[in-house]
Each structure stands twice: as C-alpha cells, then as structure tokens.
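There is one chain below, alone, in structure tokens, taken in the form predicted alone.
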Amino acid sequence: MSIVTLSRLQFALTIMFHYLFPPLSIGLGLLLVLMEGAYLRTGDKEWESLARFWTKIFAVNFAMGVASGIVMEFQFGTNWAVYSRFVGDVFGSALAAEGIFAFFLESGFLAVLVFGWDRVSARMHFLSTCLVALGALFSAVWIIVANSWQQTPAGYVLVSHGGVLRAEVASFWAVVFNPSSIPRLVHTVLGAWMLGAAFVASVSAFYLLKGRGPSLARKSLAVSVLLGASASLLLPLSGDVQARLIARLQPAKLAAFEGLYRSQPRAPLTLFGIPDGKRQKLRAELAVPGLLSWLVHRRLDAPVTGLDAFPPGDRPPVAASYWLFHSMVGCGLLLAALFCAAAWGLRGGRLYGQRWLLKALVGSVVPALAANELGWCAAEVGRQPWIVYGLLRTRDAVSRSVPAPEVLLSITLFALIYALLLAVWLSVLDDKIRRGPEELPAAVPARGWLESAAQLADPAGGSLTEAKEEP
C-alpha cells in the first residue's frame, strides 16, 4: 500500500479509538450535573449515590480519553508534515485555545470532582462538577472549530514562505465561526448527549432487570431516557441544517452521501440502494421522489447537484460515504424510536415493568456508539480527496521522509496496544458496573452488564434483539 493509504489508515485507527471517549465524557458530564443538581435541590441521598457512582465511571473514561488523544498530535509531525506546515498557524491556534480554555479547566477541577465529596461543601462540589462538564464541552468546541475549518476554510490568507504556501490566520473569529463550525458543533454535542444517555440507560435497565436497587435504577433510568429522547428528536433538526449547508458548500459530499450520480430536479431521497460505480447508479433503489430537493432547497422541483458535476478526481469515495452516512442515520432512527417509546413508558411507571423495552435499552449503547463513530467517519471520508477543502489534497499532505514499512509497523503496534487498552477499559467498566452504587445489594449477577449489552445488540448493524430469559 502507498504511504498515503497507510498514513490515512493509521490516523483513522487512532482517531476512531480516541473518539470512543470524548462523546461519552460530554454526555456523562451533563448527566452528572443533572443528578448532583437533583441532590442539591431535593436532599435525596439516592441522587448523591448515583452522582458518586457515575463520577467513578466518568473518571475512568476521562483517563482513557487523555491517554488515547496524545498519540494523534505526534502524527501531525511524523505522518502529515506538509499538512502541518500548511495549516499550523490556523490549527495550532485552535488547539492552543482547547488546551487553555478546556483541558486545564476540565482537568483542574477533576480532582475536586473525584476526591472532594467529603472534603468540600456540597455546593463547591457541584460547582466543580459543572466546570468539569463545561471543560468537556469546551474541548468539543475547539476541536470542532479546527476540523470544521478544514471542511469550510475561512478567515485565512495564503502566504508563501520560501516558495512553500501556508495558510495564516487573517481573522481569528472568522476561523472560529467558519460556515460549518456551529452546525457541526451542535450536531456533535447532541450526539454526545445521546451516547451518554444510552450508556446510563443501558446500565440502569440492566440493574432493573436484575432486581438490584430498583429505586436508584429508576431514577437514573428516568433522567437518561428523557435526555436521550430529547437529543434523538433534536438530532434530525440539526442534521437538516447541516445537510442544507453541505449542499451549498460541499455539494460533492452530499451527492456521495445520497448516491446521487446525476444532477437533477426533483432529486429523490434514497431510503435504500446499492451504489454501482461502474453503471453510475444505485441498484435496488428505494427512494422518495423529490424529497431531497425539498429538504435541501424547500422546493420539490429544485435541482440538486450530482456527482456528474465533478471530475472523477474530485469525487469522494461514493460507496464508503453512502454506507457510512446511511448507517449513521439508521442508528439514529433506531435510537429515536427506542427512547421516545421509553419516554412514553415513563408515564405511570409502565416502562419499569416492560422487560422487552428494558432489554432493548441495555443494548442501546451499541448503536449510540456506532452512530457517533459513523458520523465522524462520514464527515471525513466525504471530504476526500481534500484534507483542507479546496486548498490541499490529501495525497499532497503526507510526509515523504517516513517510509511505508515503518508506518505499517506502527499501525500494527498501535492496533495491539489499543486492543489491550480497550480490553482493560471494558474490564474496569464491567467491574465497576457489577459493583454498582454503594446502596445497591452486593450480589454480583452471573452475567455482567458488558455481556448483556453485547448479547442484546448486533455490533455490525446496531439492531436490537430479544434475549432469552436467564434460568
């Protein structure tokens, strides 16, 4: 394989592994604020117990996020030297802001959050919880700003240094508020809230099915289901805003997402199809005529730009973009149906007795994780062949001094190390969840949460299935 392909694979491996943790931290951070706020407002010790328990889970996840995130920064210099020279002034300012405004805030108050329960006042501890959650959110802000600038560059000038072009900041705020940063930030944060809600709902439903601490489990399930239902309903709205923006600024990406090979009025919205690059069409297509035109332009007869408007070398990988995008949408619709049904079941407490719905909630963490990963991958693959849209191609951005065998060796080593870290993370999570909050009975179920979630969800497609009752 070429050095470009290997470098892309290595960065994809490291970013996808790292991206398991930041969205979960953002989602858990908000839920910690809600739980601890409920404790301060009501004085109910069960809310305090839940907040203490989920703080432990948050700390484990935060540590994994830090450890896995450091590796990516080194790759900018080793594998992507040309890219680093080109965007260093722009990207570096956003990463510096992330370190100053987000990481120091989050890590600075993390010690109070984790160890300060019996050392500071309840209000001071709640303040630290809010600041840690805010720090996690600020991290998303600056990373999304940097990444969105690559999608829709703004606020820069091109300057030649010794014959080498560099993008330099002309207006910092134009960089921050580039055309796609706010819509992408909203969508990303909503996805993180959805993941946090699914994770807490999964564990809470697991406890209810096992008959462990029903009062505690009902409280955490109720708050997570309501958050998940709200996020699942807001995500399509933010996705619609993004789609209209992509149609205007990155039309090739939207065409690849929808498998739209020909520019046409009354463009259909594809529900299902199989991209056929040779025939330049979708096979076995199931679509709604005119709906894509209406969604993008709010007119059924409006033309939508297809892939035929771009030279072959300027088109994204259609099949990969199409399946990543549609798989993400499928996971999102599945989660919306599940969490809206669960929210409806909260009325009169019917949810707590519906075992099939509780079992589905146990498995909901899998499609929630998948949706976040798929969405990020779709955005990055759909940008190709550009690493900075319209300015720098991916094939021109790699380091030429690092030979392909060395990159392949590092990919192999990273894969082994990350597999070990993933196993440790899952083992620690499963152990803490088996133990549960302090007020739960000490009995450990024969089958842990991790096994239950895996059995109740299909990792390939994210579909939830009914599980057999345990003897």
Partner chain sequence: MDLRALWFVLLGILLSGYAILDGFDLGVGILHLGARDDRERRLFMNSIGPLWDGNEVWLVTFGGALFAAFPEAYATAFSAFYLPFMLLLFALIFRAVSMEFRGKRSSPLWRGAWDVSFSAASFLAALLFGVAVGDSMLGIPIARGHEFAGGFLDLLRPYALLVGALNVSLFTLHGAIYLNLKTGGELQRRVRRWAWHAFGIFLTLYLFTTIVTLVSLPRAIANFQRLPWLWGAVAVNVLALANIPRSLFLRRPGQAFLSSAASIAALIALFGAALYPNLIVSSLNPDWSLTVVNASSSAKTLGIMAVIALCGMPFVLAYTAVIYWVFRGRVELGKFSY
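Positions refer to the first chain, counted from 1. Keep in mind it's a predicted model, so treat the numbers as computed, not measured.
A second form of this protein, the form predicted together with its partner chain, is not displayed here; the remarks below concern that form.
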message: Can you work out whether Trp323 and its partner chain are in contact in the predicted bound form, taking contact to mean some heavy atom pair no more than 4.5 Å apart?
response: no
field: Contact flag, Leu110 vs its partner chain in the predicted bound form, heavy atom cut 4.5 Å
entry: yes
task: Verify the contact flag for Thr42: yes if a non-hydrogen atom of it lies within 4.5 Å of a non-hydrogen atom of its partner chain in the predicted bound form, no if not.
output: no
message: Within 4.5 Å, heavy atoms only: does Glu73 come near its partner chain in the predicted bound form?
response: yes
query: Hey, with its partner chain in the predicted bound form, do Arg52, Phe62 and Ala96 all fall inside the 4.5 Å heavy atom range?
result: yes
- request: Report the residue, out of Ala337, Ile274, Met124, Leu286, that has at least one non-hydrogen atom within 4.5 angstroms of its partner chain in the predicted bound form.
  value: Met124
- request: Check each of Arg298, Arg119, Arg350, Arg279 and return the one that places a heavy atom within 4.5 angstroms of its partner chain in the predicted bound form.
  value: Arg119
query: Thinking of its partner chain in the predicted bound form, which stretch from 101 to 109, 188 to 196, 254 to 262, 361 to 369 has heavy atoms inside 4.5 Å of it?
result: 101 to 109
- prompt: Are there residues in 387 to 408 with a heavy atom within 4.5 Å of its partner chain in the predicted bound form, and which are they, in order?
  reply: Ser399, Arg400, Ser401, Val402, Glu406, Val407
